[in-house]
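There is one chain below, alone, in structure tokens, taken in the form predicted alone.
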Amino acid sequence: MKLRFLLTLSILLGSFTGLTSTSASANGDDHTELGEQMEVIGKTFRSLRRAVRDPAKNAEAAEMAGKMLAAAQASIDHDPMWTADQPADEQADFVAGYKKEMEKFIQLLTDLKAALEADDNEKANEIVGALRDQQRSSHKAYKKPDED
């Protein structure tokens, strides 16, 4: 009886583990270096938007802007995943447009970091708004739409 229970349990656990690792590998296929950098930018930006409102957190916010800046600089060297879905004759222009938008984003982050280091919260808040607008417009153009 104990042997049958252990055998059944091991089969069930093996099946569950097999399903889990299959799901993980299926999800891992879409995981890219660019995706990792964009995730860092997104998570940090959520915290940064709150921190910029409080002048007492300028040093912390400047550090967050620096973290986003480093991720953005690493991102510019990668092509968007959606590039392969573009017509072949438009792919080069698509990538060039993405890189141009990333350069704008990098410049905004550089300006934000400088404003925070200079304790200019009014300017920093304006730049955060510009970053948000630039992020939204760039994602419409260069981020592959989510499949629902």
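Numbers follow the displayed sequence, beginning with 1. The structure presented is a predicted model; accordingly, all values stated were derived computationally and were not measured.
The following text describes the form predicted together with a small molecule, which does not appear among the structures shown.
- Contact with the small molecule in the model of the complex, judged by any heavy atom within 4.5 Å, is made by just one of A62, L69, M38, A51: M38.
- Stretch-level contact analysis of 112 to 120, 52 to 60, 98 to 106, 84 to 92 against the small molecule in the model of the complex, using heavy atoms and a 4.5 Å limit, identifies 98 to 106.
- Although the partner is absent here, S47 lies well away from the small molecule in the model of the complex, with no heavy atom inside 4.5 Å.
- In the model of the complex, the small molecule lies farther than 4.5 Å from every heavy atom of N125.
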